[in-house]
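Next up: just one chain, as structure tokens, the form predicted on its own.
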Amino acid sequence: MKPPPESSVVVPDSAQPADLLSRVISNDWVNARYKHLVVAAPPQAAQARPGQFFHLLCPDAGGEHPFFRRPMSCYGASPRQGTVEFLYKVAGTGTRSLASLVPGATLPMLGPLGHGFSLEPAWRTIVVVGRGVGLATLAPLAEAAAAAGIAVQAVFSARDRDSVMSVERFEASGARVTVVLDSDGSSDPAKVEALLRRLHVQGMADAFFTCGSTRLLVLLQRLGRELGVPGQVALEQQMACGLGMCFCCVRPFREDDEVVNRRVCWDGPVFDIQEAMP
């Protein structure tokens, strides 16, 4: 990812990552598929910045033995409270084992890892567009923008009304939230595009941010090029080490007129939106 210009307000990355031991405070179901995990963690972890992630050592549970750690976006971090939060979908071996954690259990985690988001001081309003667990990455960004005096227009895409998450979290930071659903057709790309174009005409789209949907990424890339709107994307990728050593998370990116290979864990997970290749 190209370094931000000197005028940027960079949401700074925290200190060197460390192998830390956290303690589970709560691990509650948000809906039928997602859980919200809150852990008490050492100061290094609680200083995680928007866009960074942790590598979690999932426990053995139910006869399943996850071998690799699982990368998990930071849903929230509070140095004052000494807590770190995760929002995750219970889908495979690793997340099923995470779902078994109860209050008081310990959870080893490596982090904070990666490079996070940056904000320009000249921006008045940014647009964040996410789906599913992508909202976990975008929630801290919305809170950082609010702290910097930048308004947030949030577009949430979901399967149906029961799958909608994090609305209260975003609204608490002052974001204006619009929900679009597969069930009523409002999440159709053409309708989302019309919504984004209206925001741009109204002067409320100084930058695009996204995570969690290739379809949304492609849409925002095309609109960004056409309208001259910059943007950033937080990419989800399978990882083994999370530290750039194993090259498991390498994927292609556009750089000028060339295609280059980068490690998502080391060079990202946040990248210039136009450089990411779906």
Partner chain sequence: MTDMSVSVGALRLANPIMPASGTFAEGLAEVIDIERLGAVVIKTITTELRAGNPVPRVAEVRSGMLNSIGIPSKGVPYFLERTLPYYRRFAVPLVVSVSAPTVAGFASIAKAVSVPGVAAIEANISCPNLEEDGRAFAMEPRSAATVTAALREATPLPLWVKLTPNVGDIAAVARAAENAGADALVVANTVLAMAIDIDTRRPRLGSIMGGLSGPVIKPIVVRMTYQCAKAVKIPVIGCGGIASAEDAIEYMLAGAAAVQVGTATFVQPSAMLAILDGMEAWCARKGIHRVADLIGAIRDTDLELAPAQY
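Residue numbers count along the first chain shown, from 1. All values reported here derive from a predicted model rather than from experimental measurement.
Omitted from view is the form predicted together with its partner chain, to which the following refers.
Residue contact with its partner chain in the predicted complex: residue 33 places no heavy atom within 4.5 Å of it.
The closest heavy atom approach of residue 225 to its partner chain in the predicted complex falls outside 4.5 Å. When contacts are judged by a 4.5 Å heavy atom cut-off, residue 253 does not count as touching its partner chain in the predicted complex. Using a 4.5 Å cutoff between non-hydrogen atoms, residue 246 counts as a contact of its partner chain in the predicted complex. Among 165, 133, 192, 110, the residue placing a heavy atom within 4.5 Å of its partner chain in the predicted complex is 110. This chain lacks the partner; the member of 241, 229, 37, 219 within 4.5 angstroms of its partner chain in the predicted complex by a non-hydrogen atom is 241. In short, of 64 to 72, 46 to 54, 207 to 215, 24 to 32 it is 64 to 72 that has heavy atoms within 4.5 Å of its partner chain in the predicted complex. Residue 19 is the sole member of 19 to 41 found to place a heavy atom within 4.5 Å of its partner chain in the predicted complex.
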